[in-house]
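A single chain, nothing else alongside it, follows as structure tokens in the form predicted on its own.
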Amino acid sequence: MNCEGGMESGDKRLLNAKALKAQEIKEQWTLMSLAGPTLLIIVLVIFIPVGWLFYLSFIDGDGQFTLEHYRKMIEYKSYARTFVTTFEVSLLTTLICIVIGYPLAYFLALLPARWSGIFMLAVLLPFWTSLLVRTYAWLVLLQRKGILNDFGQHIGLWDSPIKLVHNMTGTLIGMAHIMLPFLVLPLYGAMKKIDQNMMYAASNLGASPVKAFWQVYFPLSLPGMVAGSLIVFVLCLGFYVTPAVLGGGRVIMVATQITAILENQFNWGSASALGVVLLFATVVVLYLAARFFKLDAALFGKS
């Protein structure tokens, strides 16, 4: 009897396991069906255009397969200079945002909730204004007869107007201003999660305020800084309006080069090839970031 009872019990457990497995599969398919419209939109908006971009980059004017567009990027040094400029501007903008954004986020994180909310409005305020409007505002401020040059001459900082636009300086100022909130927001979120009692504990153990900051606070804020820096850097790679306006044609980034090719040559193949290479470079940046940093912790707050 005991043997038969054991077999029946085992059969019931097996049936229960199969039923639970079937229920789990059914739930997964139900969730997939709910996500179906979103997945369809992603395919239509992202994968099909990117696939079409890849296709055009391998097609010549006669509709034949070719590697000519990629060969040109290897042969002509202007393409290499464009990519170097793009990465240089993106990196410098990211560094400027870190230098300005870290103390700002630290200041906001230490404020009481009421005051931090008020000051956070100042950080978010640029989002309420068109990027094009902000860029032209900087053009008005920085031009030779602009407010900044007039003010500098008035107080005696310089005798004649200095060149602040239509060069790398103006481009970096405008891009840093536009990108700064994208670094401050994730960094502020990471800092707010840091328990201030850890700083008090470090002080009680004999650490100076500077040592406690660098050995306790700063490492805990790194995920937020990595996330913000990555967002800023990747967004800068595809910037067009600000370099075109404040760079004055002297700061040629990939997006600017693509526009020039389409406007002057109407060559979709070459423009698509540039876009594909930029996309590949962006994927490489994300892979290296994932390789050396914990992106789950940086982007999604996972440990």
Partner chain sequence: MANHNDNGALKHSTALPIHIQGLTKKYGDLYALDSVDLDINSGEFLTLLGPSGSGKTTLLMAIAGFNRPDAGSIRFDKKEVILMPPHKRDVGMVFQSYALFPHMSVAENIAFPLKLRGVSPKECTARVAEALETVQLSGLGDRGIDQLSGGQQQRVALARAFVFRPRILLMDEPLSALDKKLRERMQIELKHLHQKLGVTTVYVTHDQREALTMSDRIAVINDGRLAQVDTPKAIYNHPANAFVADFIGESTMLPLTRDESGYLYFNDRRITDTAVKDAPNGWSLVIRPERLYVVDGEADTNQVVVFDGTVVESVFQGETAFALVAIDEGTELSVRFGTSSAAGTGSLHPGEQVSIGLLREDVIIIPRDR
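Residue numbers count along the first chain shown, from 1. Bear in mind that the values here come from a model prediction, so they are computed numbers and not experimental data.
Quick note: we don't show the form predicted in complex with the partner chain, though the next part is all about it.
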- Stretch in contact in the predicted complex with the partner chain, which is absent here, among 163-171, 198-206, 86-94, 73-81 (heavy atoms within 4.5 Å): 198-206
- Would you say all of Ala109, Pro112 and Arg114 touch the partner chain in the predicted complex, counting a heavy atom within 4.5 Å as a touch? no
- Message: Is it the case that Lys211, even though its partner is missing from this view, gets within 4.5 Å of the partner chain in the predicted complex, heavy atoms only?
- Response: yes
- Task: Evaluate Pro219 for contact with the partner chain in the predicted complex, applying a 4.5 angstroms cut-off between non-hydrogen atoms, and reply yes or no.
- Result: yes
- Query: Looking at the partner chain in the predicted complex, which residues in 153-167 have at least one heavy atom within 4.5 Å of it?
  - Reply: none
